[in-house]
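Take a look at this single chain, the form predicted on its own, given in structure tokens.
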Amino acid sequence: MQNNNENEHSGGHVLDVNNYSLSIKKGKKYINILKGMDFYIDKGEVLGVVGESGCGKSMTALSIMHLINGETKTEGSIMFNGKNILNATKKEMLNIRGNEISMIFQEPMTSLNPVLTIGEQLSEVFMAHSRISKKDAYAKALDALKLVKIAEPEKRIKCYPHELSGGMRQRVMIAMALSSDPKLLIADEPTTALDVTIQAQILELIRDLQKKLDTSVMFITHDLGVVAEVCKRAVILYCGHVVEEGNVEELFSNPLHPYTEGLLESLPDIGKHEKLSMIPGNVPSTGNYPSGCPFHPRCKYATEKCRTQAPVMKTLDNGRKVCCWRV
């Protein structure tokens, strides 16, 4: 669905999600998943997209990639390089997906083919994106493994996925995602299944490659510690819409939305031996969002107004955005 305001702030942005809503058909009715999503990513920027499981992070990424299963209704626009890709045909998306927008998924073992070697899979990707011989594709695959700093690449290229560690498999997925030099890389919790040491290495790798290739990155995570490591700006999602957006330093030092405050308070502090704080309750199930502000059942500041009226997004003088009646 074309939006008349789609060019409102799309100039110069690689990605501009403008008042985007998504509903998916379940049975005879449509269930609202995302509502009025609004954010942008600049060229060469790493944007953090933060929230608990069920807040709409992955659904936003899948919407951008046109990978939503089932019958859907959408509103608003998703502008990529000035074009509303919500209107893109399957053929156009086949060209965009993998070439201009790439994605790294959480669990590489489910994304890699278990019966093909790493070299065969990487070569396939290079041959799919450019008309080159199998020999040249294999050479490019080897270079890609070197780029993502896999030890002994000449040996690893002949391995099957199960013969590699989790960290190595994720490096292979990063190599695949960057094979076509995309303008936008979507990283969907790429370090969740890894131990802390390997996680730090993968984060450093993504940060280094992003600077080297000047790729824009949408970094999806539930971990604010990760956001502090790799992002300068972040959007906080809750119940399928943005509740706060701003510079990471400002979000950490002065959270304006009670949900952002709760996420930060639940982070462990090494210097203190106190019980971890927690946000009471759970994220409501999709389609069962409460009236008014969706966060009000879990919010310590909630008033009657919060329970009955949905707050509107406010933009402050410093560019911060927050969707809360208290501000």
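Quick note: we count residues from 1 along the sequence shown, nothing fancier. What you are looking at is a predicted structure, and each value in this text was computed from that prediction instead of being measured.
There is another form of this protein, the form predicted together with a small molecule, and it is not shown here; the text below is about that form.
*Asks:* Counting only non-hydrogen atoms, choose the one of 48-56, 297-305, 35-43, 255-263 that falls within 4.5 Å of the small molecule in the predicted complex.
*Replies:* Flagged stretch: 48-56.
*Asks:* Whether 109, 165 and 208 jointly form a contact site for the small molecule in the predicted complex is the question; each needs a heavy atom within 4.5 Å.
*Replies:* Heavy-atom distance to the small molecule in the predicted complex: none of the three under 4.5 Å.
*Asks:* Although the partner isn't part of this model, could you tell me whether residue 245 comes within 4.5 Å of the small molecule in the predicted complex, counting any heavy atom of the residue?
*Replies:* No, residue 245 is distant from the partner.
*Asks:* At 4.5 Å between heavy atoms, is residue 229 in contact with the small molecule in the predicted complex?
*Replies:* Residue 229 lies outside the contact set for the small molecule.
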